[in-house]
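Okay, so here's just one chain, in structure tokens, the form predicted alone.
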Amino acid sequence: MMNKPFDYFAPKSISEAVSLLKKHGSGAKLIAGGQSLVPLMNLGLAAPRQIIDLTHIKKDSLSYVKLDKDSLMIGSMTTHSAVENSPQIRRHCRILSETAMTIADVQVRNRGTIGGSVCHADPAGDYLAPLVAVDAEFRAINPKRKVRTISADKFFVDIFTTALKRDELLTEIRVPKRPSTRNGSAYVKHKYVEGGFAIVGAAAVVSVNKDGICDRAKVVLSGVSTRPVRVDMIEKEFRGENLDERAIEEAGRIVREAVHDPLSDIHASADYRREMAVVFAKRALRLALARSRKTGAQHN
């Protein structure tokens, strides 16, 4: 149970929230759905001096799904349930909808937010690998109303650590739109219990040309290191190649070499995580490839 007092603030605007962050510094914590911070507080693993509750900010300021010419835009306070069920996300970023479906249970998905999850930056968090795989960008605002854009590759720095500055608030996640045909993606994970965090997660994005030859193949792993592991060699090796079963097996070998020093904990040893990274990376690639080759397959 929570046994340390804290000051509670309920800002009504984004400007007020970032001003409070600047005023209180590192002792302050933002709370969105509360599905990450509150359990840590109950366990005594987090003891913020100030809580800044974002749920009183006008809903459409931070909770939305929008499209423009080039991007799919998702507000940071958009719930997992909304990500799962949004027609726009299902059409333009299928991998995020499918990822949201794997998170915890219905109650958690109705409260937890995509922004809260990525800012928590748990290495086993489900969104991390897919967001890197689809080249997402994160937009953050500071008290001077200056907006900074951070690529997903650079956003996740270390365990429970992001590139956000202490006075910045994540406002939006952007995913570039791609053609709706000959693109496929998949996220699969090895979990301890149904809906649980990923012991190993693998996100794959594949695009092929009209002849079925690979234009792009990307694999990103979660759960195996303190931050998502982008397997760059797969991107280099398979462009312009036929992604047959031989190539998939070769991708598995590349993954094994890329996972240098995997995490080890009560759920899985380092060696086990490395082997599961190989297994699930190949599964994600096969599924993404199958989707890319279907006529009219939707991107991600």
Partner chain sequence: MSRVMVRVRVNGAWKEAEVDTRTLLVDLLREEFMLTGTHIGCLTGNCGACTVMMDDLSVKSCTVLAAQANGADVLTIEGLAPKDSGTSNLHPIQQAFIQHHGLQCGFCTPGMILSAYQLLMRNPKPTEEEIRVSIAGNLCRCTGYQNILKAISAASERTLQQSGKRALRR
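Residue numbers count along the first chain shown, from 1. In this text, all values refer to a predicted model and were calculated from it rather than measured experimentally.
FYI, the form predicted in complex with its partner chain isn't displayed, but the following is about it.
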Taking its partner chain as it sits in the model of the complex, is Asp265 in contact with it (heavy atom to heavy atom, 4.5 Å or less)? no
How about Val147: is it within 4.5 Å of its partner chain in the model of the complex, going by heavy atoms? no
Mark Arg109 yes when one of its heavy atoms lies within 4.5 Å of a heavy atom of its partner chain in the model of the complex, and no otherwise. yes
Indicate whether Lys4 is a 4.5 Å heavy atom neighbour of its partner chain in the model of the complex. yes
Check for me: heavy atom within 4.5 Å of its partner chain in the model of the complex, for each of Phe9, Asn42 and His56, yes or no. yes
Per-stretch contact check against its partner chain in the model of the complex, the hit in 110-118, 87-95, 219-227, 151-159 (non-hydrogen atom, 4.5 angstroms): 110-118
Only one of Ile31, Ala258, Ile248, Ala46 gets a heavy atom within 4.5 Å of its partner chain in the model of the complex. Which one? Ile31
Which residues from 159-197 come close to its partner chain in the model of the complex, meaning a heavy atom within 4.5 Å? Glu194
